[in-house]
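What follows is one chain in structure tokens, specifically the form predicted on its own.
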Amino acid sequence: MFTQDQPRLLNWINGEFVNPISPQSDGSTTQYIPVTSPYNAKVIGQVPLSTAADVAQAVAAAQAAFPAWSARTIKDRAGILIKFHSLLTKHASQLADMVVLEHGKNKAEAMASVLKGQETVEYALSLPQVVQGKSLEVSRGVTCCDTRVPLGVVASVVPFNFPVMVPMWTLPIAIAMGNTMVLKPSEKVPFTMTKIVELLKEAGLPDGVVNLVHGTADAVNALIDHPDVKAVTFVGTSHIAEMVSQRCHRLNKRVLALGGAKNHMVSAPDCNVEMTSTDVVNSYSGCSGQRCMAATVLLTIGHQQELIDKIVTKSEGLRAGSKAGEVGPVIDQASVDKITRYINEAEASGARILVDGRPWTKEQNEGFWVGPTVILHTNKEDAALHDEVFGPVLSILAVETAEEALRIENANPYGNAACIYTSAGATADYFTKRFSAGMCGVNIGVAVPREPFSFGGWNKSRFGNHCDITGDGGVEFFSLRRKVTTKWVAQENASWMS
């Protein structure tokens, strides 16, 4: 497993690691905060709190690299990504170990997240065959065509829960389209992207095309406010996503900010109990519930005791650890406190705790742990049914009809994902056409679209320009359309439309 003796991380600017600029605005030297491993709460590194001066240095490097990079053909840019793809494959296990260390996923989940990130890289490799534009003779002797033009310097602010996968949602598409980038990883998981920028350089990416700046809110605000940053992507909570979107829009700046989720699963009476119970457990407990696609509310149409019993049995069989099939820790003590508070409040309001993960907090000698928890609710107002808990907690509520299930799902302010479990195509069609969610599943609780289909939710799960973050949505976001209308021969009987 990847280990270091509490190193101080550096920013990556213009193709090399550099110390943050000192002093800070208050005259003090650069501040650092500890990075801890969720498995044992031990400090594994120190990450700098970069200032606006550090951001300006990174943006200047990206701006200087943009003319030459954007002038290359898209095939040339994709060629470098081919080498990068090969290096990601070569170092996949090492990168997964880094994710295990700094985030807490088990090794199988960490490896899967690396491979999912690779899928977006693979999509970016195909862009020379995808974005060639259109051309049409629209009138006799008059031809219209369109081409894609890069924006310039773009910024990407990524969360802690997928240290590899989420940065790969934006980075490969953005640079393949000819943009240069400044990326700010989460201060909670800074090691993995530090390794990846080295792999980008080894692949032949020119200096300054991708830059890495560590930090927290000050660095994010400096990126948004910098006049040379043409677009910003963000993934995090809905509250912060909305703030990022509003700040960018005040500056007339392109923005795509993905927020939180409260994803609903509905089990019809004809669902396959064995398959449904396995999928439900995997959905809510996988990655310790720390993913925006985790389905954390199960609405059973009628009281489905057999299904509930199966979910309880399978949840009780889960164990703590870092091996495949085991449940890892949550990211920090604040997450432990938040998750247990929702469980406590539900219990106090009369909900039955069918599987209780709270004892894990004390049973594990070190680290940040909450075990899989299943709550059977009777009060529809319980906060755990409505708020994003972001932990391995499943809320179950019995409803009488399909219409009631849809009313509850539709009333949810988020719109990331929803799933129907059924054996009937007509039932599946009924729900998928009526869910208020951008990503829907049929017998799939984590309905993540695979490339070339795009990732993105609706409502308060997405703010800003109405594009998805991967696939053709990413291409649309990271480029402008230039339309050219051409005429070489004078027309007879020409009108103003000629």
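Residue positions are given as counts along the sequence shown, with the first one as 1. Bear in mind that the values here come from a model prediction, so they are computed numbers and not experimental data.
There is another form of this protein, the form predicted together with nicotinamide-adenine-dinucleotide (NAD), and it is not shown here; the text below is about that form.
Remark: of stretches 398-406, 204-212, 186-194, 99-107, the one touching nicotinamide-adenine-dinucleotide (NAD) in the predicted bound form is 186-194 (heavy atom within 4.5 Å). Taking the partner from elsewhere, S461 is found to have a heavy atom lying within 4.5 Å of nicotinamide-adenine-dinucleotide (NAD) in the predicted bound form. In the predicted bound form, no heavy atom of Y284 sits within 4.5 Å of nicotinamide-adenine-dinucleotide (NAD). In the predicted bound form, nicotinamide-adenine-dinucleotide (NAD) sits within 4.5 Å of a heavy atom of F455. Residue contact check for T276: none of its heavy atoms lie within 4.5 Å of nicotinamide-adenine-dinucleotide (NAD) in the predicted bound form. A heavy atom within 4.5 Å of nicotinamide-adenine-dinucleotide (NAD) in the predicted bound form is found for exactly one of L376, A268, I74, M243: M243. Only one of the listed residues (N416, T120, S113, T233) places a non-hydrogen atom within 4.5 angstroms of nicotinamide-adenine-dinucleotide (NAD) in the predicted bound form, and that residue is N416.
Taken together, A217, T237 and F390 are fully in contact with nicotinamide-adenine-dinucleotide (NAD) in the predicted bound form: each brings a heavy atom within 4.5 Å. Contacts of stretch 151-187 with nicotinamide-adenine-dinucleotide (NAD) in the predicted bound form, defined by any heavy atom lying within 4.5 Å, are made by V157, V158, P159, F160, N161, V166, W169, K184, P185, S186, E187, listed in sequence order.
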